[in-house]
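Only one chain comes next, encoded as structure tokens, the form predicted on its own.
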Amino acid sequence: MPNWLIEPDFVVERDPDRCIQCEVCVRQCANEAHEFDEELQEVFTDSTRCVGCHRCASLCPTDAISIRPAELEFRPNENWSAQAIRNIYKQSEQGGVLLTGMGNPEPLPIYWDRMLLNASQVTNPSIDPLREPMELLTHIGSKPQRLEFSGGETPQLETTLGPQLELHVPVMFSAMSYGSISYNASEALARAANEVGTYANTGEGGLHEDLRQYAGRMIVQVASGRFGVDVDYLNSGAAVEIKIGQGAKPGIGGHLPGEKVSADISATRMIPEGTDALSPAPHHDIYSIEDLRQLIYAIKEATRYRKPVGVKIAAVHHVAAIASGCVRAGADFVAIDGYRGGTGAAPTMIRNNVGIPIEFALAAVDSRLREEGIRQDAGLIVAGSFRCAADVVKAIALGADACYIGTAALVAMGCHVCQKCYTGRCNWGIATQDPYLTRRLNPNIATRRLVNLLESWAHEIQEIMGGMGINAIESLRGNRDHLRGVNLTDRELNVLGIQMAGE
């Protein structure tokens, strides 16, 4: 199959009157889209190599470069879209699975945008968060059905509480492993979580020795590959998360190519340097809820019952029953990842066609756990492309305890969502292990930007809650009366458990 059938996704245009041939674009593009011709003393561009990361355009000192989508169009056909044709061209030439990064970009409904929040008026006055206390403190873990106090003038709590995660803002950094992202990015996430008072998740790649100083604000993950897992790793984190599924690729394992497994990653993951890190799709010791229960309690024994142990699952059909089983197996929290969840690498067809929206999954799980009388037995964390503070508030009103953010955190560090993470040539130094590229991400600057993001969202959450007449996040949790739907069918409203706007 000739190469000319595969068209570029973007066109790079260079203004010859502005370009000073400084070669900044040549040095900055890891995809080698720009090349300097020594004989002609001129920079040339190959648009077929452009991934749309905007690195060259952002750093061009004379603004000589602009990037736009390729305008070549196929004959309009509702069934055979341009993307479907391009995918067949690529597969017929390369003969492999189409890979991609980040979350599902398809024009499917975003249900957060079809839900609106209530606001206070005369009979329920709003609260000014600048002048009155507003409580965002959140605890993740198993809660007792009732509290017992001793008598006397100064009653004492008699009920023994299980281990809890304490968040000062109901947002955490989602699982992103060292290997899928650079050390500088991992460090920035850990430092920001520590500074704000929330948590970052190691992902399945283990915890780098130099980052163990932040382990008190890290959730360590146990995935099917068991990379980096030993008793010291389990005891180093604030909580342990067993990864069963991931929103971007439910039922699919992971693969970190051997060229990314440097000496540091080798030591962290406890695998030979330069070898592929393959995570099988299933855990080979988990084939039932009873097997999952054994692993949960094995980890609790290893950590002496001092840390919450949770389970991460993908949002799929029957997710409510699956989550119920996880809670009954002893999970202190359940993390649910929706179909728009991000990833470093996933088969494109899996990412775009498998799973369900996090909005429906959350509503179904929260309702099921309440119906069964076990909602207090575990915290609910949701993930899957949370873009702003309003999404977080709506998720909590729908039943979540807290939200994970992954893509939003990467964007805060400079990611341009070009969806080429799997190539390892991230021009912004985030999803790469190339020493030349990783230096482009300053961990001090990245940490500051992440802290700014979470503090901004915290202020906005307080403002929204104040406008609703609520002064504590606990009063918002699962309070669906504060949600109203627009442009939703009766069936969708019923699944979400909310009313139509105007009712």
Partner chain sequence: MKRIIIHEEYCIGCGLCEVHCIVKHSRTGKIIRAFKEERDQIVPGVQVERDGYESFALQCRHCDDAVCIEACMTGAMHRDPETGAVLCDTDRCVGCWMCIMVCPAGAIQQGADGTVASKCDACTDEEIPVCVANCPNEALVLEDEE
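Numbering follows the first chain given and starts at 1. Bear in mind the structure is a predicted one, so any value in this text is a computation, not a measurement.
One more form of this protein exists, namely the form predicted together with the partner chain; it is left out here, but the text below deals with it.
J.: Which single stretch, out of 66 to 74, 444 to 452, 30 to 38, 43 to 51, brings residue heavy atoms within 4.5 Å of the partner chain in the model of the complex?
T.: Only one stretch passes the 4.5 Å heavy-atom test: 444 to 452.
J.: Can residue 57 be called a contact residue for the partner chain in the model of the complex at 4.5 Å between heavy atoms?
T.: Close contact is absent here: in the model of the complex, residue 57 is far from the partner chain, nothing within 4.5 Å, heavy atoms only.
J.: How about residue 456: is it within 4.5 Å of the partner chain in the model of the complex, going by heavy atoms?
T.: Contact check for residue 456: no, nothing within 4.5 Å of the partner chain in the model of the complex.
J.: Even though the partner chain is not shown here, does residue 486 get within 4.5 Å of it in the model of the complex, heavy atoms only?
T.: So residue 486 does not count as contacting the partner chain.
J.: Taking the shortest heavy atom distance, is residue 24 within 4.5 Å of the partner chain in the model of the complex?
T.: Close contact exists here: in the model of the complex, residue 24 approaches the partner chain to within 4.5 Å, heavy atoms only.
J.: Within 10 to 25, which residues have a heavy atom closer than or equal to 4.5 Å from the partner chain in the model of the complex?
T.: Contacts from 10 to 25: 16, 17, 18, 19, 20, 22, 24.
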